[in-house]
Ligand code: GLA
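Only one chain comes next, encoded as structure tokens, the form predicted on its own.
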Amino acid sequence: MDIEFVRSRFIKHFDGKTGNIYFSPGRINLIGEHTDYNGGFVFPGAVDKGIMAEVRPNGTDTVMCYSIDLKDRVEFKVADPEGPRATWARFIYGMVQEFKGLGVDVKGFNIAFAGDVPLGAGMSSSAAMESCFGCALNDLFADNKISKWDIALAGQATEHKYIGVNCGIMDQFASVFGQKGKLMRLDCRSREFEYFPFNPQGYKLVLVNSKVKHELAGSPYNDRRKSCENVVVALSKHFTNKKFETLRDANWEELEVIKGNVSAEDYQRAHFVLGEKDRVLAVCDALIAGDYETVGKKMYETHQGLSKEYEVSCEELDFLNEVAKDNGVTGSRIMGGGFGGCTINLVKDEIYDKFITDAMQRFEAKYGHAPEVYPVIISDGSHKVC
């Protein structure tokens, strides 16, 4: 992000005085999909694209907001019980209310912000916004600084209460806790986490966005959650001496025992989830050993499972995955909930240009539009820039 550009917009749209500048990143998830609501592990990292904001207390009870990208200005009172209508401004309003609920004496301030997180790419621009605003509020108004977890949870609560999106915690967690050159294995049940080295010398990490978005909300997503819940019920009925909260608690032998008690579809979904749990742990071991070939192999296995077992891929994403294989890309898979969006690819430097050219040309020839390409570097989480 261009600090001077954000500062120039802040000066222009407010009183000519400068404030503090804060940055929070978007994120990728290397592996671990549809594991969050099954009590499993995810494996995100912060990236070098995100949201940058300049913020300055203004000595009033009014928050004055300017979205540089949208060229839109909104104001609201800190104590406003309803808040602004504009969705983008509700992210700021929500964080203000959540910080007040944590005992932070938030006063009025001026804020201008911009982002370079690609929208619709599954990199969580909304979590980057929340985390950026939270980092600023904590720095400017909290006498006793609140914890990183409180900032992340305030972001999640903002989504739930003020935006109407019932998200998990991974996106906010990654944006707040990210560290350069490290991925994080987050236990979605306990919220315990551990950093793992990610320094793929000789490789690049790149997202290829199909720009296709099929419907995920509603029935397709809920059907898959229900399949997992059905298997947990069947396990609980059969193994009465063991507690099964989610599929996290099941092993392969137990799943095979109750295979005949569930539908073929429900078994297939559960089979993916157990496999994904194992793959996340295998990737952790591989990263410690610096074995990026195994990391790539597990990424391909995840794509196969998401496509054929969990059935959340689509023709366009499967095509991009095949192009990656054809070009000898080390690892490639769907990133995110599925039914559209991006593949995430681990690509050796020497084949990177050829792969990108081939992917863009072949995809456009088949589907009539070129995909978008976003190289990413694993970077630090939310922080004050200056």
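If you're wondering where the values come from, they're calculated on a predicted model, not measured in any experiment. Quick note: we count residues from 1 along the sequence shown, nothing fancier.
Note that the form predicted in complex with alpha-D-galactopyranose isn't included here; everything after this is about it.
Contact with alpha-D-galactopyranose in the predicted bound form, defined as a heavy atom within 4.5 Å, is made by none of R224, G305 and E309. Think of it this way: in the predicted bound form, alpha-D-galactopyranose has a heavy atom of just one of G168, G181, G290, G101 within 4.5 Å, and the residue is G168. In summary, among the residues G331, G336, P44, G40, the only one with a non-hydrogen atom within 4.5 Å of alpha-D-galactopyranose in the predicted bound form is G336. Figure note: of the listed segments 53 to 61, 342 to 350, 317 to 325, 24 to 32, the one touching alpha-D-galactopyranose in the predicted bound form, with heavy atoms no more than 4.5 Å away, is 24 to 32. Contact check for D48: no non-hydrogen atom falls within 4.5 Å of alpha-D-galactopyranose in the predicted bound form.
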